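The chain below stands alone and is given as structure tokens, in the form predicted on its own.
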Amino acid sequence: MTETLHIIIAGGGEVGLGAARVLDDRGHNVTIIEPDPSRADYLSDAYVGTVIEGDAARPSVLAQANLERSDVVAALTDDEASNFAVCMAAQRMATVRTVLRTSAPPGEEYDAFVDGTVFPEAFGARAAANEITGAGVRAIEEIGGELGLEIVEVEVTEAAPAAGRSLQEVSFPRGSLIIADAAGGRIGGPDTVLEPGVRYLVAMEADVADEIMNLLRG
């Protein structure tokens, strides 16, 4: 059973509220700190966690959220400087994991100061790319790293070289893995047949992406 975490989210905008909903669905305890009174009222009506009206960058407000009993502080406002201040204050006041929302792609700038960074715009760009490219291929997650590992959902076409063949019959390149069909019905194995019209989850390194697409899409 997953451990229930006590999480403080600084900033109740769309990013903060979205994260709170996901965390609440997963059974974690969430407290949102939001400075705007009307937004705080809206968050209270959303019933996704405890809502505190105030500026999370102020230690006195952070303390109201039972910081010492919390596991994580995620600063998710659209003000990067404020997010950094929240994380620094939290670390001085308690032993907690800190996550900072940045306005630029994650790099080394904050690595020495916080435990994790979030760059929501990357997910927005991914969603846009999914819509632009249309049906057939959908990016699920970009793991990153020096190999550019990515998880995508790919629909096998009728004309694809791999269509109708099992994984043991198709020579997929090193650096790729058929995880499962998109419905999650079964982990891919040697006898998994790649059915035309069916979507599959594929993990692949960047330098073999074209080869994978050629095998599954033709």
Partner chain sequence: MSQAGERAPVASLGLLDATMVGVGAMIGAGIFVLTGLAAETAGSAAIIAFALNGGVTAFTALSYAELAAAIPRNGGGYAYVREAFPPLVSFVMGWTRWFTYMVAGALYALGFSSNFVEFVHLYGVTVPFGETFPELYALAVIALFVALNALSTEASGGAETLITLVKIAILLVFVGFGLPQANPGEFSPTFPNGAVSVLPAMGLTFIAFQGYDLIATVTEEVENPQKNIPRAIMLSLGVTVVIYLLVVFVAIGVLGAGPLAAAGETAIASAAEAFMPALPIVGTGAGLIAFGAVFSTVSALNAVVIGSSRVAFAMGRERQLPGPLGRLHHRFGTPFVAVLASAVVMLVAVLVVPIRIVGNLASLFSLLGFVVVNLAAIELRREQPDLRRPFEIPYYPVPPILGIALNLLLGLFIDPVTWALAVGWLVVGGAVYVALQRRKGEPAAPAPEVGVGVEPDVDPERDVPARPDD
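Numbering follows the first chain given and starts at 1. Owing to the predicted nature of the structure, the values given are computational and were not obtained by experimental measurement.
Missing here is the form predicted in complex with the partner chain; even so, the following discussion is about that form.
Of 162-170, 64-72, 149-157, 186-194, which is the one stretch near the partner chain in the predicted complex, taking non-hydrogen atoms within 4.5 angstroms as near?
This holds for exactly one stretch, 64-72.
I'd like to know if Ser176 sits close to the partner chain in the predicted complex, meaning any non-hydrogen atom pair within 4.5 angstroms.
Although the partner chain is absent here, Ser176 would stay clear of it in the predicted complex, with no heavy atoms inside 4.5 Å.
With a 4.5 Å heavy atom cut-off, would you call Asp25 a contact of the partner chain in the predicted complex?
Yes, Asp25 is a contact residue.
Evaluate Glu53 for contact with the partner chain in the predicted complex, applying a 4.5 angstroms cut-off between non-hydrogen atoms, and reply yes or no.
Within the cut-off, so yes.
Although the partner chain is absent from this view, report whether Ala40 comes within 4.5 Å of it in the predicted complex, heavy atoms only.
Result yes; Ala40 sits at the interface with the partner chain in the predicted complex.
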